[in-house]
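Single chain ahead, written as structure tokens, the form predicted alone.
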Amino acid sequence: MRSDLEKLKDEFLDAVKDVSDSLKLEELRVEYLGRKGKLSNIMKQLPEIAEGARKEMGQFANEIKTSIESSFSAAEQSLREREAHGKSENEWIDITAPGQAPEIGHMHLTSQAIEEVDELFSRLGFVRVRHPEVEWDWYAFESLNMPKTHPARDEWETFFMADGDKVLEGKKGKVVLTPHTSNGQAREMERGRIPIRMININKCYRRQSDVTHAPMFHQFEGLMIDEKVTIAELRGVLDFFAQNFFGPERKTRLRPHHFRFTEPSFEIDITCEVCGGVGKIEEIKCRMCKEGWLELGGAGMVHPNVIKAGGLDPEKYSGFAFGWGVERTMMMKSGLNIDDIRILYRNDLRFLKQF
């Protein structure tokens, strides 16, 4: 047994020299000093030794155990010091060096445009409001003097809300994702707070997708209702916005058009920023405008039927309304040269970080 104990001690001392990490050192301790380790197995021979020599052998075994534990502690301390030194070398920090600032995002280009639109119209006394994105058919179409047979009310133009195969309906008609911010006109008049100077900026949804259309986009809707409102005031508001948003060098025009909710009605066009208003880029037709002018949106004097649908007397009150796409309006700003509206929502940071 004595020779077994001496051999065990020598084996441990040889093994502990090659240990390079804490996990292996712990495995070595369990192997030699654990409850079922090698030293414990040798100590099981103690009862077989003659009673006179048993005490002496027990003392010798304790000496071997103490020697092994001391060697283990010394190896553990040495390993801890080496690991601490390595950590200080690998994780050295120069506390005098300037820190690395975290990457900070910024508002999306569309959000920036919305803030600018809101600020410009607030100078003229227009108050920002919000109206539903999920809307009744009555506010989206019926109150705007649009008959049930109007093409805009077709399922190929408008997103209708459904539960399974059944389109949702209520007291005010079917439920739709609002295709324009004009749904706010009747809602605003129903409040009965005259005069009205409303600017409604919101998301809209239509089943269209090309370089100038996206299934989800933003519009800003202006509405002014009071006594004796005229086209001259409409033109003054539009000119103020165009000159402040686009710059004095850009030109606008009113083009007669037909809308169910205004009479008379106009399309508002602005010279194209991409091609400079000439309709071509190096003899190639401009991809954005085709002819030098880009349609921004519609405008006109509010139709008497719409005023009546809002609960007001069209004999007493008149007003004007206009609705423009935020993205399309923004794309025509000088210096942007964006020729595809869909790029705004592709989440390409290489593009978005430029703004």
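Please read all numbers here as calculations on a predicted model, not as lab measurements. Don't overthink the numbering: it's just position in the shown sequence, from 1.
There is another form of this protein, the form predicted in complex with ligand PHE, and it is not shown here; the text below is about that form.
Enquirer: Report yes if all three of 180, 206 and 298 come within 4.5 Å of ligand PHE in the model of the complex by some heavy atom, otherwise no.
Expert: Yes, all three are in contact.
Enquirer: Ligand PHE isn't shown here, but in the model of the complex which of 246, 138, 72, 259 has a heavy atom within 4.5 Å of it?
Expert: It is 259.
Enquirer: I need to confirm a contact call. Of 145, 219, 271, 212, which residue comes within 4.5 Å of ligand PHE in the model of the complex, counting heavy atoms only?
Expert: The residue from 145, 219, 271, 212 that makes the contact is 219.
Enquirer: Considering ligand PHE in the model of the complex, find the one stretch among 101-109, 126-134, 247-255, 181-189 with heavy atoms no farther than 4.5 Å from it.
Expert: Contact-bearing stretch, as computed: 181-189.
Enquirer: Is residue 323 part of the interface with ligand PHE in the model of the complex - any heavy atom within 4.5 Å?
Expert: Yes, contact at 4.5 Å.
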